[in-house]
Ligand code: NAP
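In the form predicted alone, a lone chain appears below as structure tokens.
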């Protein structure tokens, strides 16, 4: 099936992370449809948070890019890297040249704690630290002072666990991964001995898995430290434990087993604190000097959930840096409706809404669609749902047919607007160059951490 005039359905996907590639995959799977997908990314490198967010010592997770490479190898696919929506191209530019535009822009900002002292020097979003050690161009030049003996990480989710592990692990273990060389060098000079992970709720509400706990507890250079007091169950959590949820029971049992081990004898410690909330970042001479935390009690809500409530008991932890990991948050896209409270693009099953009505030909996938939740694989079903709506609108004639919307016309327009466009073939050359650079120092790869360096490398490589 084709558009009127016999040409393929033309779809632009903005963003090359997992949700964008899964959307392209879903569109290509329909055997009755002739479809072409052009994917745009503001960076010259694809794969989004798989490249820039997954921890360097989690290479198995990063292997998912092999799935995306299969999609990129399809002759119906084009990649336009180093092209930013809102700067190089407008949304209207795309809508004039494609039948449908799918926004896969993720959630590029972070949530704030909303407490006094949050803006002191030495207070960062954990995502900045992650981007820094992962060679992300946005964060490559940030400076993190690792001279303090103690650091606080607010949150106990996946990102918080990764950050705590990186701060506490032996740098020589990380030196063999694809972590940025400058980050490895900084970690080698680090004086951090105590990493405090601060979780608002108790062991029965912790979202991580026993496997993640074992990983934290198995570090070469650090002990995972919990206290029997903070891993004990309150009466309401005990009811949930007794109800028989096996995942919950395994988590609680693992946490309590670690608490019984005591402080250990390794040089560094990861202190996992439960039922505590930061209420103030305390400064000295304009810099982070301590964090004041309040002990929480857990209260059953009318909807059955358990939420923390301050108890009025406080404690102060001397620290030199604090990294907040309390959630990602979306940023507005020029020309696209945005829900500033939820940090998402308003939509109905992937169709973008304006004043409650669908905008023809405009769709959204991933975290920009549903908020920052789920793992990498969660995006597959999310993207398939949106792709189904694209096909439904196509078959229902809701997408305008225009014979001028061709691959050649789009290619000419994009390259006329932006000189240094990076194709997927270009990316494969960058990929090979990164791997080769890494081999020289015994690493998996050494990433280009500046866009200018990546573009210069492409010009230097003889095809």
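Keep in mind the model is a prediction, meaning the values are calculated, not measured. Positions refer to the first chain, counted from 1.
The same protein has a further form, the form predicted in complex with the ligand, not shown here; the description that follows concerns it.
Novice: Look at the stretches 73-81, 87-95, 387-395, 151-159 and give the one with heavy atoms within 4.5 Å of the ligand in the predicted bound form.
Specialist: That would be stretch 151-159.
Novice: Is residue 61 close enough to the ligand in the predicted bound form to count, meaning some heavy atom within 4.5 Å?
Specialist: Flag for residue 61 set to yes.
Novice: Looking in the predicted bound form, any heavy atom of residue 325 within 4.5 Å of the ligand?
Specialist: Result yes; residue 325 sits at the interface with the ligand in the predicted bound form.
Novice: Going by a heavy atom distance of 4.5 Å, is residue 108 a contact of the ligand in the predicted bound form?
Specialist: Residue-level check for residue 108: no, no contact with the ligand.
Novice: Is residue 292 close to the ligand in the predicted bound form, meaning a heavy atom pair under 4.5 Å apart or at it?
Specialist: Taking the distances in the predicted bound form, the answer for residue 292 is no, it never comes within 4.5 Å of the ligand.
Novice: Would you kindly say which of 230, 223, 240, 212 lies with a heavy atom within 4.5 Å of the ligand in the predicted bound form?
Specialist: Of the candidates 230, 223, 240, 212, 212 is the one lying within 4.5 Å of the ligand in the predicted bound form.
Novice: Taking 4.5 Å between heavy atoms as the contact cutoff, choose which of 264, 374, 116, 335 touches the ligand in the predicted bound form.
Specialist: The residue in contact is 374.
Novice: Determine the residues of 198-218 with a heavy atom within 4.5 Å of the ligand in the predicted bound form and present them in sequence order; the list may be empty.
Specialist: Contacting residues: 200, 201, 205, 207, 212.
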